[in-house]
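Here's a solo chain for you in structure tokens, the form predicted alone.
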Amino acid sequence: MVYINGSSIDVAAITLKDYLLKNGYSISKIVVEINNKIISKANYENVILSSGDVVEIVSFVGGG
């Protein structure tokens, strides 16, 4: 299980980039932290989500 934004999710050997795209995230409008470390967007395709990872995905939202 991987913990993403507080929810337990069963993902197996998927890259961070694939997970984000599959779940409709706009990569240019988010920041991702895994196990208390911010991940560079350039590394999203190299990071494999592993059991026990704690992932926080923060989206930037405009407003007024």
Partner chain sequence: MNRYIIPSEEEIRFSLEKRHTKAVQDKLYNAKVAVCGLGGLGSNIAISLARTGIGSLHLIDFDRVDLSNLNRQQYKLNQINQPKPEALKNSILEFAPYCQIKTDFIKLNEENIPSLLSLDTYICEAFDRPEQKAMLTNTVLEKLPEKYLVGASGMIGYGSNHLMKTRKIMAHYYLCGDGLAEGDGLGLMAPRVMLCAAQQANTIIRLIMEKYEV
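Numbering follows the first chain given and starts at 1. If you're wondering where the values come from, they're calculated on a predicted model, not measured in any experiment.
Although not depicted, the form predicted in complex with the partner chain is the subject of the following passage.
At a distance of at most 4.5 angstroms from the partner chain in the predicted complex, none of the three residues D10, K22 and Y25 contributes a non-hydrogen atom.
When contacts are judged by a 4.5 Å heavy atom cut-off, S40 counts as touching the partner chain in the predicted complex. Taking the partner from elsewhere, V61 is found to have a heavy atom lying within 4.5 Å of the partner chain in the predicted complex. In the predicted complex, the partner chain sits within 4.5 Å of a heavy atom belonging to E56.
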